[in-house]
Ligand code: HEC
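This document opens with one chain alone, in structure tokens, the form predicted alone.
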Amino acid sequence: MKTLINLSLLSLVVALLCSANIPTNDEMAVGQPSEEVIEANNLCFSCHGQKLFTYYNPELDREIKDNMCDEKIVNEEKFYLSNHRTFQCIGCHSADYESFPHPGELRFEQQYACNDCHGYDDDWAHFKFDEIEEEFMKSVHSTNHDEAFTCWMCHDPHEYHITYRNEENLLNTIAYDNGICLTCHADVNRYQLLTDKEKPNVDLQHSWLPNQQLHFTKVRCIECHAELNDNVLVAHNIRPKEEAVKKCVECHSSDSRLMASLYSHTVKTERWSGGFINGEMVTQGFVIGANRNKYLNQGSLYIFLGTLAIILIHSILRAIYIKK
């Protein structure tokens, strides 16, 4: 009976998740850059795409080779794999950058935020950028740092690309998303752009966690540090460290919070097989109740139905015998 109830409840959960308005891989697909875009961007990459660049100095009347500042280098290969690969550089930056030397006042040029392009636009409504922004504004990243913490602190516009729901190997998604967190939380120089506090030691702060390194490679930071929201692709409401998940049962249970976050796409795409979602979780993760054998599930169902049939037949035969 318990197995049958579990199957029914799971079917309902999967049905609800599948009916949610979540973008598919096809909906999130980005085209390839045109030759015109590539040609225009080559001018920028000729300097900003490498460590060394060359320019003509009219005062000295000769070519000068110089080092590009690390923070001004854009990896061309990663850019053309990013979500913004179809854009010209001057689509987001001032066209005045086409001249060299660049005018000094361009250093104070205001950066676009995600919603400057994606927000409050019906064409992007199904990605729920507006709700993502609302979630972000409630997070510690926003409330603790105000306007100093922008989208770009986590999502480098020159390299960012969606891995969740576009990546077959879930471990790649976990590593990529955790890498975003570690760009600040493991880099003292970036960390102190936002605060004068000493950068905490990530390993030491999580010393209480059993099998620490296994957790670091099998789940994303946001699984424990963000408030769940089924309506957006990835949770953006990062909560204070005091509110982080620390109870094992919240993840390692049949109603694991991971089913609504890390594994939600697996639930949506793989549906259910023999009583529960398997696939990614069998080989790449662990949720109690998620890795049951489908043949045992089916067998238990047949035993249950067989028992009901025997009871029914016995009752009928007994009723007939009593009448005689």
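Numbering starts at 1 and runs along the sequence shown. Please read all numbers here as calculations on a predicted model, not as lab measurements.
Quick note: we don't show the form predicted in complex with the named molecule, though the next part is all about it.
Although the partner is absent from this view, residue 152 contacts the named molecule in the predicted complex, with a non-hydrogen atom inside 4.5 angstroms. Among heavy atoms of residue 68, some come within 4.5 Å of the named molecule in the predicted complex.
Taking the partner from elsewhere, residue 163 is found to have a heavy atom lying within 4.5 Å of the named molecule in the predicted complex. Though the partner is left out of this view, residue 229 does not reach within 4.5 Å of the named molecule in the predicted complex, counting heavy atoms only. This chain appears without its partner; in the predicted complex, the one residue of 213, 254, 169, 195 with a heavy atom within 4.5 Å of the named molecule is 195. Residues 233, 234, 236, 238, 239, 240, 241, 242, 244, 245, 246, 247, 248, 251, 252 of 233-253 are found to place at least one heavy atom within 4.5 Å of the named molecule in the predicted complex.
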